[in-house]
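Next up: just one chain, as structure tokens, the form predicted on its own.
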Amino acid sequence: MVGIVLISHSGGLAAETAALARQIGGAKVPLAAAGGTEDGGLGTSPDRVSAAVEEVDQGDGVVLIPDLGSSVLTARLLESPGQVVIADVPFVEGAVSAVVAAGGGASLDGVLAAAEEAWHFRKL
């Protein structure tokens, strides 16, 4: 199954987005939140993100979903074509879409495409 890592400057935002995505998309999807710094502050930690990638990688690839700024730069450090890819998507909507797709057995490309469709979700 494709793994998913949510990368945020805020540990709380990453954890709560992961909880929401799990509740909607299924608890069996390998999903990790990598938010904040080691001391609990705002920021991103390459070590946390790397550990999260290792945690969720089951051999079918990993989708990284960063929130903004340096989280994108951190994600780029771990990008590996065909294995670890970055989804340029709205954070919450993209996370939910990716988890639903992964839970349905989609391939790495399928999970990435599902996350990217979040750009088209309308609220009104």
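Residue numbers here begin at 1 and follow the sequence given. Computed from a prediction, not measured in an experiment: that's the story for all the values here.
The protein also exists as the form predicted in complex with a further copy of the same chain; that form is not presented, and the subsequent description refers to it.
Student: Taking any heavy atom pair closer than or equal to 4.5 Å as contact, tell me whether Val56 reaches a further copy of the same chain in the predicted complex.
Tutor: Val56: no contact with a further copy of the same chain in the predicted complex.
Student: Does a further copy of the same chain come within 4.5 Å of any heavy atom of Leu42 in the predicted complex?
Tutor: The answer is yes: Leu42 has a heavy atom within 4.5 Å of a further copy of the same chain.
Student: Does the 4.5 Å heavy atom contact test between Val84 and a further copy of the same chain in the predicted complex come out positive?
Tutor: Because no heavy atom of Val84 falls inside 4.5 Å of a further copy of the same chain in the predicted complex, the answer is no.
Student: Is Gln23 a contact residue for a further copy of the same chain in the predicted complex, using a 4.5 Å heavy atom cut-off?
Tutor: Taking the distances in the predicted complex, the answer for Gln23 is yes, it comes within 4.5 Å of a further copy of the same chain.
Student: Give, in sequence order, every residue of 2-32 that has a heavy atom within 4.5 Å of a further copy of the same chain in the predicted complex, or say none if there are no such residues.
Tutor: Going through 2-32 in order - heavy atoms within 4.5 Å of a further copy of the same chain in the predicted complex - the hits are His9, Ser10, Gly12, Leu13, Glu16, Thr17, Leu20, Gln23, Ile24.
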